[in-house]
Ligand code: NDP
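The form predicted on its own is given below as one chain in structure tokens.
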Amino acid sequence: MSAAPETPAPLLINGEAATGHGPILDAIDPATGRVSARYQTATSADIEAAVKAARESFARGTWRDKKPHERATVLFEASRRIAEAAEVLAHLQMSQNGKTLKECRTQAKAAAATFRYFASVCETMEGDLTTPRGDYLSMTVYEPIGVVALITPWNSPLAMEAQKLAPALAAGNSVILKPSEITPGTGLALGRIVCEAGLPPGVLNVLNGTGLAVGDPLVRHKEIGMISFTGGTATGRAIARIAAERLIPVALELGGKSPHIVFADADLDRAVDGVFGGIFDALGQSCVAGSRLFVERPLYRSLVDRLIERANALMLGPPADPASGQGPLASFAHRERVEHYVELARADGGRILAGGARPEDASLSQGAYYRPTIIEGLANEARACREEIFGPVLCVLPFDHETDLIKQANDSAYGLAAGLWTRDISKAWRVARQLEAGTVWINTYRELSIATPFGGMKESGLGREKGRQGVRLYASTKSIYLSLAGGA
């Protein structure tokens, strides 16, 4: 591993670069195994400084009390600046989580679009005039919560950080962003850009560090009024316990084990494209990855054979190379996790139809590469079919009857997303309504819109991000009654 290429980047507190007093954090490029950048991390004293800056900025009202169109102006400017910096942001994300440059560019543009969307929502969001039941005028307004902690994951940090920052700021909150320790650079870069767009000091703070050293103290801090977390279900459950004890709101976007269903009457070409992209785009490192494939038996062999051919042909390589279909997994530790689950599947009688190993290409040996993997022969009860692998592993299962299919698809602790392919619209609607998932795609997969609410059922989380209600997620509802009764 090479020497760090630069001086460790500081924290962002009170609108300024601030020295972090915790251990230095090395960001590892998963394509090469080398240090791509170094970052200072926060101690308890640094956390206190950030919380104090956020709390005081909220108390001053320099952001909270701005008119919605004034906050929108700053968010529009942030969107413009993010778009200008898109190429730099894309390369930064690529160097820390190994996504292809093409995908990183798309996510950088999406981050700019997210700020633009929530700027528009901020400017046009209305309160509600409620139906009176007496001699009064009654209305509902939405107030900022106060200081909000945002904890983001490593798989799509540009998209996830924008998805939390923009609505939390639009609602008028002061925020503290804690990026993943795997991808510490994007949150810090976005934070600087948004502050420079015109945020008052203290409104946005960024603290790097581990979940134990920084995330946990933030969640427990008495001045934090809400927590928004995207990540694994086990961590989400721990955060929910703390939030319950403190009686504060929490938004959790957690894991998934999404069923992807192909009926015998589906358009085979389109279904193959949708299923393949649904699991192997981003090498399955997506909460909505369609990792359990249910295929109606008459179509099973032909569809699976085509998926095997596509998986074997997928070109792994350096993420900056346009010829690379996919880059490495996000970290070497994560590759070991994926390998562990593949071995569990083998032990449970699974047959590896494609992948199941690191690539043989010697030029990729220094990176966290892993072949796209297809496994058949497992029961839906196998651990590889029930637990979130978060990697390029597809478990394929045939089915014969719609009733049994729905039972198996819903037989999961998770309920984030699902997809189905059929030419029968009545069947599509019937099945979609019965699937226990926050998002269901019909004859498509992984279509996402910042304007459409997103979240999960069961152990896939609480609350809904995105959409106009995404701003209200970060607000407290207040009812106001104004008497219209005349005096004596």
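Everything numeric here is computed off the predicted structure, so don't read it as measured data. Note that residue numbering begins at 1 and tracks the sequence as displayed.
What comes next is about the form predicted together with the named molecule, which does not appear here.
Undergrad: Could you work out which of Thr100, Thr152, Ser412, Gln96 is the residue within 4.5 angstroms of the named molecule in the predicted bound form, going by heavy atoms?
TA: Comparing distances to the named molecule in the predicted bound form, the residue within 4.5 Å is Thr152.
Undergrad: Among Leu307, Ile193, Val74, Ile239, which has at least one heavy atom within 4.5 Å of the named molecule in the predicted bound form?
TA: Here the answer is residue option Ile239.
Undergrad: If we take heavy atoms and a 4.5 Å cut-off, which stretch out of 253-261, 344-352, 358-366, 128-136 is in contact with the named molecule in the predicted bound form?
TA: It is the stretch 253-261.
Undergrad: Closest heavy atom of Glu181 to the named molecule in the predicted bound form, within 4.5 Å or not?
TA: Taking the distances in the predicted bound form, the answer for Glu181 is yes, it comes within 4.5 Å of the named molecule.
Undergrad: I'd like to check something about Gly215: if you look in the predicted bound form, is any of its heavy atoms closer than or equal to 4.5 Å to a heavy atom of the named molecule?
TA: Flag for Gly215 set to yes.
Undergrad: Should Phe390 be classed as touching the named molecule in the predicted bound form when contacts are defined as heavy atoms within 4.5 Å?
TA: Close contact exists here: in the predicted bound form, Phe390 approaches the named molecule to within 4.5 Å, heavy atoms only.
Undergrad: Report yes if any heavy atom of Val219 sits within 4.5 Å of a heavy atom of the named molecule in the predicted bound form; otherwise report no.
TA: Yes, Val219 is a contact residue.
Undergrad: Using a 4.5 Å cut-off on heavy atoms, what residues in 282-297 are near the named molecule in the predicted bound form?
TA: Residue within 4.5 Å: Cys287, and no other.
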